[in-house]
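Below sits a lone chain in structure tokens, taken as the form predicted alone.
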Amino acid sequence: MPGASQSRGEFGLIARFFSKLDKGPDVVLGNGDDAAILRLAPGEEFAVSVDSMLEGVHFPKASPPEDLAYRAVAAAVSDLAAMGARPVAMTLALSLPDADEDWLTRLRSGLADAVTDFSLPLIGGDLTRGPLTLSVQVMGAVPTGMALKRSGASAGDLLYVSGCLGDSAAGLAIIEERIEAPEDVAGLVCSRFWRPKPALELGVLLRGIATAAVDVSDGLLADVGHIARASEVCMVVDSALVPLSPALAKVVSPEQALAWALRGGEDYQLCFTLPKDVTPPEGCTRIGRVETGSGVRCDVTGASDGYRHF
């Protein structure tokens, strides 16, 4: 039986809290060696992305570790959805101020949920002492030449979004006690913040159909702006068409709900463009169009700013 120093050291903690989450059809060798080994099917390309979350910047202090783990993974997985990629594996670099075993047990629970929900084995990473930070790198696979990009939108295309927007921002406001809401409504919108559901299946459906795509992470208008710049077009957003959930309408005024839908971000829905003659997948809403020009136009004044990292 290992001694206390061994069980609480870096490798002991990794073995206790982050092992046995590495099983998957594309994993040849999981965690435990100097590197993992993955196998892709013939005719597939890798899609790789990384997201970092720092306590006090990307999530509130004293956040529930099980929800924090799930949210960190979901945020990174949303980038795979936006590329039309299927999940293959992930790594986690975790910085901790101290090795609280109860906290780590709860963190592992959230990681295990994410591994299951997203079919995304945890194949390695790093553990170090420092300010609480989670960096999740995700790897996905997409058929050669079929990845969704931001750069294909053309004048005449129509702009769509999946799901409803603004709930995550409302959830954060409730968590930070900036607003109040009935218990049932609060539980629903807070779950949209803590446990978002990236649109992985939709991303796959959009392969070969969508002309451009992006996930809604920094805010709808900011993310639409990414498509506008990459495609060198003007994106026109009609605020009256932006889908809002019934729960959000019970929390704040229509004006605040729309502001969060346009700028709040972290909804992890997909925003994408389709040619006029293509029928959108079920559950998606047309919110605008693509024109010649540049930038983003919206009928709501001062609505162009989203989340800024610097």
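Position 1 is the first residue in the sequence shown; the rest follow in order. Here the structure is a predicted model, which is why all the values come from computation and not from measurement.
Absent from the display: the form predicted together with a further copy of the same chain. The rest refers to it.
*Asks:* Although a further copy of the same chain is absent from this view, report whether R39 comes within 4.5 Å of it in the model of the complex, heavy atoms only.
*Replies:* Yes - in the model of the complex, heavy atoms of R39 and a further copy of the same chain come within 4.5 Å of each other.
*Asks:* I'd like to know if G156 sits close to a further copy of the same chain in the model of the complex, meaning any non-hydrogen atom pair within 4.5 angstroms.
*Replies:* No, no contact at 4.5 Å.
*Asks:* With heavy atoms only and a cut-off of 4.5 Å, decide whether L241 touches a further copy of the same chain in the model of the complex.
*Replies:* Flag for L241 set to no.
*Asks:* Within a 4.5 Å heavy atom cut-off, is D184 in contact with a further copy of the same chain in the model of the complex?
*Replies:* Looking in the model of the complex, residue contacts with a further copy of the same chain do not include D184, since no heavy atom lies within 4.5 Å.
*Asks:* Going by heavy atom distances of 4.5 angstroms or less, which of K149, R106, R207, R195 would be at the interface with a further copy of the same chain in the model of the complex?
*Replies:* By the 4.5 Å criterion, the partner-contacting residue is K149.
*Asks:* Counting any heavy atom within 4.5 Å as contact, can you tell me which stretch out of 196-204, 131-139, 232-240, 109-117 lines a further copy of the same chain in the model of the complex?
*Replies:* Of the stretches listed, the one contacting the partner is 131-139.
*Asks:* So which residues in 163-182, when you check a further copy of the same chain in the model of the complex, have a heavy atom no farther than 4.5 Å from it?
*Replies:* Residues within 4.5 Å: L172, E176.
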